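Here we start with a single chain on its own, the form predicted on its own, put down as structure tokens.
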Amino acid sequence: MNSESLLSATAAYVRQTLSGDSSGHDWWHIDRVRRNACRLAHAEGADIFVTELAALLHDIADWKFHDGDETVGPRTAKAWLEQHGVAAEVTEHVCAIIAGLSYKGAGVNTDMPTLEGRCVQDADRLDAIGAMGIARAFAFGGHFGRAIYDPEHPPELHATFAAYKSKGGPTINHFYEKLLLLKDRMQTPTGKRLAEERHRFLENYLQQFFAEWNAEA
């Protein structure tokens, strides 16, 4: 199977697998990440094929929906790639990107060792901030039955992945525990530039949210 056919088959597989998702981790999230990852790869000089393949498969079995098991995603991706005869070095690279992609808490370093991984990670994080990130945050919170905001439940800056995985606070906390921290964790020059405007949108949204919450607007 040539590269174009594999990418097309992978897109169809992912779209079918994630159909019906209402948590913000649906096919259209994958498609946005795929397009932004390729945009970053072109700008930064990364391998487009590896980048696009990893972007397509990055949430095929996210740990958040598999009892916190972060090994399910890489294993699922590996099985798909091996089934289609993808070269071992490409399979290993894609699976390593998927394994290291997720945000794991404010106190946990998740820098990517390869340029392709940095492009996919930055693209995934771009989709977690700005207008799209806000929409996805509330979709995720609603999916898991979380409150919008509770002033008696302050945010936490999690020092470990285990602590981050066990969190269950209101959605507004997620802005402080993750979303507002992503701008300074972007790893490509293009990703850093694109994150600036989206980060400002988060800040403006929160300013308006709290003005309305406090009956000041």
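Don't overthink the numbering: it's just position in the shown sequence, from 1. Only a predicted model underlies this, so the values are computations on that prediction, with no experimental measurement involved.
Not on display, but discussed next: the form predicted in complex with a small molecule.
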{"item": "59, 146 and 178 each touching the small molecule in the predicted complex (heavy atom, 4.5 Å)", "value": "yes"}
{"item": "Partner proximity in the predicted complex: residue 137 to the small molecule, non-hydrogen atom cutoff 4.5 Å", "value": "yes"}
{"item": "Proximity of residue 133 to the small molecule in the predicted complex, heavy atoms at 4.5 Å", "value": "yes"}
{"item": "Residue 167: touches the small molecule in the predicted complex, heavy atom cutoff 4.5 angstroms", "value": "yes"}
{"item": "Interface membership of residue 128, the small molecule in the predicted complex, 4.5 Å heavy atom rule", "value": "yes"}
{"item": "Residue stretch of 22-30, 184-192, 149-157, 40-48 approaching the small molecule in the predicted complex, non-hydrogen atom distance within 4.5 Å", "value": "22-30"}
